[in-house]
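What follows is one chain in structure tokens, specifically the form predicted on its own.
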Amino acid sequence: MIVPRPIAPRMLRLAALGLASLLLLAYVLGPVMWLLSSSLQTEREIVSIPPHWIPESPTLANFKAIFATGLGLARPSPAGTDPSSGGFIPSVAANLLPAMANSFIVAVTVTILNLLIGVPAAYAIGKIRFRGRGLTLYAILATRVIPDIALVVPLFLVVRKLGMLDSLASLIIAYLAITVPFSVFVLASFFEQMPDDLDRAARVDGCSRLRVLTHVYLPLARPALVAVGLFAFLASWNEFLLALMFTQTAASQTLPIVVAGITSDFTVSFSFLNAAGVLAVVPPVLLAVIFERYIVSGLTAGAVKG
């Protein structure tokens, strides 16, 4: 005879899980919701006490100012102007849209080159048996053990020697050095867990290694490709330290550098700063939403063998 489980402990456990989930959501989404809310507030409202989580009079003035200055339709406010008076535009506002374009160019280029370099290397490590195969993979992975800040000086010397300082090419080279090892590791694990029979059957039918890769394995590796591509894009889009070291002028600066420059101005407009922050997070969020179903399966590729 099956004895029914008591309802009270089960309901209590569900209530505890629900409360814990709500607290976790509040902790994770709280800063994002405040960023979005404050970007729609005036400067006078955003510095008021107590703060308003819901804008009393939502306004798109900050976003209009960003696009107006970026398109040359408005000029920054003079230094020392009080932001609370309304209509304040920081001096670096005109660089926001060009910086966003620079970030997009760098991120897309790094993503494409990442796949072009990482896919053949990962296929060779995962499916071609050669002496030193395991050592090669661990040597590539070992480069990610080194903190990024320890690579700043060597990368700076390489970029300066190539005459690429203060250019988008310097950022592309630096970001490839950081992202390619991770991409190779994830893709190699994904290729390794695929059946070897697919490779043998294609080779018997006369396919070259390149055709086996492009016609057999790549269609099956779509989750891993999306995962590493998204990783390369986000890493390039959000990177700050190397961009700060390698770029000096607005012509090559990326979005994180320009957004950070708003806080170093003579007068800081928090509402304008948060509006710029919203524009900075929109592309990554859109990509994460579009490719959400591929991300988890791609990042866990090769985690379980057997």
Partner chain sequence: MRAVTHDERAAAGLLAGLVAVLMAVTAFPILYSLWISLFAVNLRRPNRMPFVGLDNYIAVLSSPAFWGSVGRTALFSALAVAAILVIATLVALLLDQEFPGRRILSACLLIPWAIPSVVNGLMWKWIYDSNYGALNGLLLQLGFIGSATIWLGDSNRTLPLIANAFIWKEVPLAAILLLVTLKSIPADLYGAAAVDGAPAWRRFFAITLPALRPGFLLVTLYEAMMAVRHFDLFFLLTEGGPGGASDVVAWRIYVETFRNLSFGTGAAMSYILAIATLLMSYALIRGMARTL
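Bear in mind that the values here come from a model prediction, so they are computed numbers and not experimental data. Positions refer to the first chain, counted from 1.
One more form of this protein, predicted in complex with the partner chain, exists but is not displayed; see below.
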query	finding
Interface residue in the predicted bound form among A68, L244, V268, A250, criterion: non-hydrogen atom within 4.5 angstroms of the partner chain	L244
In the predicted bound form, P181 touching the partner chain (heavy atom, 4.5 Å)	yes
Non-hydrogen atom contact E192 with the partner chain in the predicted bound form at 4.5 angstroms	no
Contact test in the predicted bound form: T263 vs the partner chain, heavy atoms, 4.5 Å	yes
Contact label in the predicted bound form: P31 to the partner chain, heavy atom within 4.5 Å	yes
Stretch 158-179 - residues with a heavy atom within 4.5 Å of the partner chain in the predicted bound form	V158, R160, K161, I173, A174, L176, A177
